[in-house]
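Included below are structure tokens for two forms of one protein chain, each presented in isolation as structure 1 and structure 2.
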Structure 1
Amino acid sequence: MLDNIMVLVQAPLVPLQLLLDGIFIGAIFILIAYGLALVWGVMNVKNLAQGDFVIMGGYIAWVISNPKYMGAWAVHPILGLPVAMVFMFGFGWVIYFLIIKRVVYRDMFTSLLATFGLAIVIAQLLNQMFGPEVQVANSGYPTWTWGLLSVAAIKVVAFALTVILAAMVVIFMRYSRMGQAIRATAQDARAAKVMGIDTEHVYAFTYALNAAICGAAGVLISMIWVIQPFFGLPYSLRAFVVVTAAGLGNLPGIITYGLGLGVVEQFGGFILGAQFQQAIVVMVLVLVLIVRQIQQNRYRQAVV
């Protein structure tokens, strides 16, 4: 560990490399976390299948770029982005009416249990369909190198696409009628229903939109990292860390903590070893929960 710290001190390009990688990866965390924040804030459902939706999107990109499945119809995995979003939107809509609709008005434990079961089913289905091997959707893009500094072109493309997608979602939420209905339902579902908003339709659309966002993130992840049927849980954990730290409805906070988590994970993985990256995410989650509890206790004392 000390040797790795000395490398950071003596080779200034190494910290810059880790910082860039953290920002590129953290941008995708923002997408996943924003989708979770939507479902959590509007429906009060903690979606433990968040990461499995991401992995599903990754497999869609991998399949459409794989001649084994598509033959001569195989295309570049980046074209799987709109396909994954459309497919996952429909999948999320179906899942809402099959499962989520039955737990929206129940206690938190019920929604956690239902979405955890959904996550297990998705992972097992993907395992049966594609096997347990680690897969990657090859983008074919080059890697730019300047001495010790290297940047994969696909990471830059993924970052740009993430910014575009995030901007489109924000514009949709702010200016479209459905976006306004979603925000109204999040503030007060009863009042929204009195004003004529079909909250059931809003809930279904919100959950489907979250699935589409996760699908898009999965496509980008499949080209940057690797995918595997049981890799969903780490992305669910990352999304929970970001949303818990930032708070619901706090988009600037989600952006800040998403990028921050990406950077912390890269530096922590370099210093402690790649095998500790997931442990770092869990440690960050525990620290966030402790800080939140301390803040709540101080607020209660101030009110009393």
Structure 2
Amino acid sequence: MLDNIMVLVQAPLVPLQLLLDGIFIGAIFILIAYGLALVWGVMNVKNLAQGDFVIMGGYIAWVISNPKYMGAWAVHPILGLPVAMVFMFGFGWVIYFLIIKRVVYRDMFTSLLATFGLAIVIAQLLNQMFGPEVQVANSGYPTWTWGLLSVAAIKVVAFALTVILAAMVVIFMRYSRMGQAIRATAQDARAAKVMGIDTEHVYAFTYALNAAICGAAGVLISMIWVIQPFFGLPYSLRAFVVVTAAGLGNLPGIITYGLGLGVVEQFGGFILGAQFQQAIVVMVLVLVLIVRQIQQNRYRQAVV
């Protein structure tokens, strides 16, 4: 452990590498976490199928770039981004009317169970369709190196796309009619209904938008890491960690924690070993919750 810290001090490019990798990783988790926060905040549904939507997106990129499925029509996996977003939007819409609609007004456990069931069904369907092998989509982009530093172009591209996508969503939420309706529904669904907002429509749109965002993240993940039908859970968990730490409806918070956790994970993995990479993320969450608890203690009042 001390040796590893020495390396960090002696070779300044190493911490820079870890910082960059952390930011690139964090950016993708921000997308997934933002989608989760959206559904959670607007509909009070905790979507446990989040990671499986991501993996579905990954498989879309893999399929459209795979000559086995597409023949001569196989294209570059990055084009999976629009395809996955459109497809997943439609998928999310259908799932809303099939399942989520029936659990929105029930208590928390019903929606948790329903989305957990959905996660299992998606994973198993992907397994039936594409088999249990680990798959990757290849961007074919180069890697830039500078001494010890190496940056894969795909990570930079993914980062840029993530930023553009996030900006688009933010602008959409702020200025479009639908975005306003979503925010109004999140604030008070009953009042929004009274004002003539079709909340059912808003819920369906929100859920579908979340699925589309996850799909986009999945496309990027298939080109950066690896995908497999059963790999959804880690992404769901990470999204929950980020949202829990940042709080709902707090986009700057989600960005900070998303990037922060990515960087902490990289440094933790470097210093303590890869086995602690995930543990550190959860430890940070616990610390954040403890600090919050202490802060909020001051404002706590007895409810009479």
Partner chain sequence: MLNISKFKSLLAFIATSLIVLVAGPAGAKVEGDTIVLGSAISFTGKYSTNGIHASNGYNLAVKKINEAGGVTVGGKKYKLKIQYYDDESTPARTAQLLERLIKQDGVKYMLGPYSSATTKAAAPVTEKYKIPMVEAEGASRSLFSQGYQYMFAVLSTSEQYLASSIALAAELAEKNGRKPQDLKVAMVFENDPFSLDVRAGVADDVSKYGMKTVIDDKMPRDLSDISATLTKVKALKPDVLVVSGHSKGAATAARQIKEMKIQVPIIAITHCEAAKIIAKFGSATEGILCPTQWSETLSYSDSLFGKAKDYDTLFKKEYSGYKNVPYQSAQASAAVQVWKDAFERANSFDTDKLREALAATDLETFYGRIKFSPEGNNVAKPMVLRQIQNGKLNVVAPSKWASHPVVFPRKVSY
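No experiment lies behind these values; they were computed from the predicted model shown. The term rigid core refers to the maximal set of C-alpha atoms that superpose within 1.5 Å between the two forms. Throughout, residue numbering runs from 1 along the sequence of structure 1.
Student: Between structure 1 and structure 2, which should be identified as the form predicted alone?
Tutor: Looking at both, the form predicted alone is number 1.
Student: Where is the hinge, among 23, 202, 160, 144, for the turn of one rigid part against another between the two structures?
Tutor: Answer by hinge criterion: 23.
Student: How large is the turn of the smaller rigid part against the larger between the two structures? Whole degrees is fine.
Tutor: Treating the chain as two rigid parts, the smaller one turns 10 degrees between the two structures.
Student: On a rigid core superposition, how far has the CA of residue 270 moved between the two structures, in Å, if you could check?
Tutor: Reported C-alpha shift between the two structures: 2.8 Å at residue 270.
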